[in-house]
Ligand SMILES: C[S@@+](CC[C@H](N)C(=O)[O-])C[C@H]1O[C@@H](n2cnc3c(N)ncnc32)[C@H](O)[C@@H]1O
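Okay, here we've got a single chain as structure tokens, the form predicted on its own, with questions on binding and movement later.
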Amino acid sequence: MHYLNLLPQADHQKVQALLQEKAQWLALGKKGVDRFRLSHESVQHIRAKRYDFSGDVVKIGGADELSDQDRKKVYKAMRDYMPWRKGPFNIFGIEIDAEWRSERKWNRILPELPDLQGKIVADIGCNNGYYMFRMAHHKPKLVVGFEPYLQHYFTFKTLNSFAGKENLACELLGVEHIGLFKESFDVVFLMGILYHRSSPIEALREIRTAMKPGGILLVESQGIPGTKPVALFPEKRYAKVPGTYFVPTGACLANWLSRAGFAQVQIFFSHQMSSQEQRRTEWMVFESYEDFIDSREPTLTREGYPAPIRIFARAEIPS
């Protein structure tokens, strides 16, 4: 059964047309697609006998489950998907230390996590699916990941082909497509996305339309320190990252949520970023947090802006 059958309020015609368009694009076999598609196909025959999503490390398969030949294929595929941004993972005994210590973010969310059992969930900007696998431990009916980047899409597709979790799905869609899923989700995760939107309130309003009455939104966002409801609008880049628009204080993020129509808005955690949480590893060899911050003044970015904090918020749709 296609998961759209579980989303009766969604615009099935438009969603299916969009997914068909994406599938046709993938089938063209262009160089950018083949780089990841061929890696996926090389290990598509492999299935894990066991998995464990309950701990900090997402574990799929055991080291004793593969022949030497298949182990080499899996290792090569995992290396082909570099750089790994979210993790950690252990895939058939291969330890993957990603750039972000994503388990820390998940553990901060856990005290505010609603009961996911039997729920329909969206993870917007799901990346390689680390958080989707962590959600799967809580037995949701369905988790739909929205991920527009080929690298992350095929990484999740490969990992889940090993794990075989039928209640997890990922599509080459972005937050701009969430409005096609009217009143579809009980819980929405929006982590590391909002400050990349040129119109954050409009994005939140679109997300609101995709949520059921009584639904819960969990937001994690880059932010700046301060108690006033303001947002930084960088001239060109923020912490060397292009495509960063509004970087809010916690009070500003709360106001965005309220003015987008959410209720019971709560900022439940914030913390200063550090190179202990985001850093180079063997699986992500490019620039990371320490390269984004002024080496002489760690309270500032390379551009001279306030160094980032991370802000966690919870909001609800009125019943």
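Residue positions are given as counts along the sequence shown, with the first one as 1. All values reported here derive from a predicted model rather than from experimental measurement.
Unshown form predicted in complex with the named molecule; subsequent notes refer to it.
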Checklist line | in the predicted bound form, segment of 162-170, 144-152, 211-219, 114-122 with a heavy atom within 4.5 Å of the named molecule | finding: 144-152
Check: Though the named molecule is not shown, can you say which of Ile94, Leu180, Ala231, Met191 has a heavy atom within 4.5 Å of it in the predicted bound form?
Finding: Met191
Checklist line | Listed residue that, although the named molecule is not shown, lies within 4.5 Å of it in the predicted bound form (heavy atoms), from Arg197, Lys157, His138, Lys73 | finding: Arg197
Next item on the list: May I ask you to state whether Phe185 is within 4.5 Å of the named molecule in the predicted bound form, using heavy atom distances?
Entry: no
Note to self: Can you work out whether Gly174 and the named molecule are in contact in the predicted bound form, taking contact to mean some heavy atom pair no more than 4.5 Å apart?
What the structure shows: yes
Next item on the list: Could you confirm whether Phe89 comes within 4.5 Å of the named molecule in the predicted bound form, counting heavy atoms only?
Entry: no
Next item on the list: With heavy atoms only and a cut-off of 4.5 Å, decide whether Asn127 touches the named molecule in the predicted bound form.
Entry: yes
